[in-house]
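Heads up, the chain below is alone and in the form predicted alone; it's given as structure tokens.
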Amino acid sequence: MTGDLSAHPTVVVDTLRATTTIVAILANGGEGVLPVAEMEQALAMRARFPEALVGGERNNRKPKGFDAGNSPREFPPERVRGRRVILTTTNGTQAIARCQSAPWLAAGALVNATAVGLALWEQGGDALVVCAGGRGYPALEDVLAAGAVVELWPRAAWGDGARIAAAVWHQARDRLLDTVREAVHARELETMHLVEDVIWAAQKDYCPVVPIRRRDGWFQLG
């Protein structure tokens, strides 16, 4: 979990909720997800891909003109099967944008932790798990998911960041939902009546798929 982003395979984690939503879309039959940093960029891409849904949030709310927000529950199979989704969020898609130079880039969360951890390990050599966090600070739910990812690796491969994440994971793994609900962002979502999103995102290995960025920027199943 150390090194230059341009040199190492990378997984970006935004448990609440961007990468969880990306996993859900693809697990439910979506053709691809294009994470973009800015709302204007997302709406502009609709002109290029008029059949695509545009989803995302700012301050946890669906922006005007968007087809959906950033909830994994808004992208059931009957809505996304065979379709593309353009997604922009406050934190998660920003983190993905900052990792564009990575040679191999995947989206990870608690819901696909084992699958994405194994896929990352198979890349060989040093690797990175990037936690999106929020408002410039670490997020408990992201560190927790990162720990679930790196626990699959030999301890000799851990950097200090991996050791911290693994320690958080081992302390919380037996009370996973309760721990996620203690996170600042989870509490914010619950005040907005989005507790079901928090519950959805706290299910370890619920969707054992690996969204991987292709050369054109779209994430598809690996």
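Just count from 1 along the sequence shown to find any residue number. Fair warning: this is a prediction, and the values are worked out from it, not measured in the lab.
From this point on, the text means the form predicted together with a further copy of the same chain, which you will not see here.
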Candidate from V111, L105, A139, I86 lying within 4.5 Å of a further copy of the same chain in the predicted bound form - any heavy atom: A139
Listed residue that, although a further copy of the same chain is not shown, lies within 4.5 Å of it in the predicted bound form (heavy atoms), from V168, L43, L53, L176: V168
Going by heavy atoms within 4.5 Å, which of 30-38, 193-201, 176-184, 56-64 lines up against a further copy of the same chain in the predicted bound form? 176-184
Can you check whether A68 is within 4.5 Å of a further copy of the same chain in the predicted bound form, heavy atom basis? no
Closest heavy atom of L189 to a further copy of the same chain in the predicted bound form, within 4.5 Å or not? no
4.5 Å heavy atom contact, F49 to a further copy of the same chain in the predicted bound form: no
Look up in the predicted bound form whether L128 has a non-hydrogen atom within 4.5 angstroms of a further copy of the same chain, and give yes or no. yes
For this chain shown on its own, do R155, D160 and I164 all sit within 4.5 Å of a further copy of the same chain in the predicted bound form, going by heavy atoms? yes
